[in-house]
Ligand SMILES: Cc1cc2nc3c(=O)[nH]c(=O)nc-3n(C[C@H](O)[C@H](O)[C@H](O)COP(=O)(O)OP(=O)(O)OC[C@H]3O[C@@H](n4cnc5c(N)ncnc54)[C@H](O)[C@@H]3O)c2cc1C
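Given as structure tokens, the chain that follows is alone and in the form predicted alone.
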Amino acid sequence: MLPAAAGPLTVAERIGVIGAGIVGLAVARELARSADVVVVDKEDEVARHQTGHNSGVAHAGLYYPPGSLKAELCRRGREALSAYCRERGLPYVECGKLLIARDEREVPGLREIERRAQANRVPGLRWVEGPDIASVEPYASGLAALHSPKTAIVDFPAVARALADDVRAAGGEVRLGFEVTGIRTGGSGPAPAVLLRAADGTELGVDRLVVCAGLQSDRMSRLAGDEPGPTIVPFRGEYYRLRADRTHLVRGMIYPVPDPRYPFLGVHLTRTVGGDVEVGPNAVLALAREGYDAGTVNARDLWETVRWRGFRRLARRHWRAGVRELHGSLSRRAFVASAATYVPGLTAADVERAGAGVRAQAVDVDGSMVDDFRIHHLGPVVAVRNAPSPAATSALAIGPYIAERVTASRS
């Protein structure tokens, strides 16, 4: 259950939000109802990173453990997102998702997802036996499948831009080109409780602060005095797209049964609101937090990754999976072959290179990948340390959830 609000903010208070992705903007939009809000981001436009580099899927809540924050916020967020897109005239297309078990070994995993989805009240869910798969996706095949007709596709960057407009319309500010390099807390008297310093020396004082910094969330949180872990380990997700004359192979979305050991969903096929069909993503270690191609290397980012004990433990535990993902990254044939196991007509000649995204995967010191949302409370600072998929789907529910925590942080 989500907690009740601790009490109203006062409009005289100024609340800062670091991060102009969809989560930060959704939080700011909620806070702007009752306080003066300023969002800062180092980029020159909103939604430059995870929000602007994903599959564009509004998840229905199939996978998440019942009772988890993911499950609750995804359900509420999807409903709110659907309504918001209708209100703002933004695309929201319920093209549906088919989750396929390719053989007997995958059926128990699919049944577990069905159990979770039912507990999470996923609407319209139905079990599909192998011969009937073609009635949903004519070119797909498998032993059995789950069909989620309410899973949708959206334009998340467009949603983020609309949220930024809402913040401004409520009197708030979205200050771009403000790269936070220092955070000081503990001001007294007339001094602000939190002072942000930008790379160019500019300072900004706020009464309270929310960190929604995505790929930089651990760094920003540590600047505010938080503990080292979890640390962000970046994973690049690479995409191909079907050639225009082959997009008929997919009506909506086709997914494999994911490996429960990992928070990644496996290579899948997803129609986009622009009419393309994307194939991917994989999950390979990125050598830079904003490394959208294999040739981008950031020495600081790489050093922070390899020196984190949690990453080294993660690598020892899952190096074989890492090798498989790297093989798929280097070989188009291998990449496409994984998707062709449930769309047999698909070949390497049917695809062309598309873009890539980088997932901010939080890793604990014991080497475990943090799966649920994780939020730390540091006096006047609320830090979102992990906001994995389905964070974009959940954003309009995360906004009120975080706003309640900001309210509760009043001294």
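Everything quoted here is computed from the prediction, not taken from an experiment. The first residue of the sequence shown is number 1, and the count goes up from there.
Absent from the display: the form predicted together with the ligand. The rest refers to it.
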Is it the case that Pro230, even though its partner is missing from this view, gets within 4.5 Å of the ligand in the predicted bound form, heavy atoms only? no
Just to confirm, Ala392 within 4.5 Å of the ligand in the predicted bound form by heavy atoms? yes
Check Gly367 for me: does it contact the ligand in the predicted bound form (non-hydrogen atoms, 4.5 angstroms)? no
In the predicted bound form, is there a heavy atom of the ligand that lies within 4.5 Å of any heavy atom of His49, even though the partner is absent here? yes
With the ligand left out here, work out from 374-382, 341-349, 53-61, 30-38 which stretch has heavy atoms within 4.5 Å of it in the predicted bound form. 53-61
Give me the residue from Ile15, Ala403, Ala397, Ile18 that has a heavy atom within 4.5 Å of the ligand in the predicted bound form. Ile18
If the cut-off is 4.5 angstroms on heavy atoms, which of these, Leu269, Leu209, Ala213, Leu163, is the one near the ligand in the predicted bound form? Ala213
Which residues, if any, of 348-368 lie within 4.5 Å of the ligand in the predicted bound form when only heavy atoms count? Gly357, Val358, Arg359
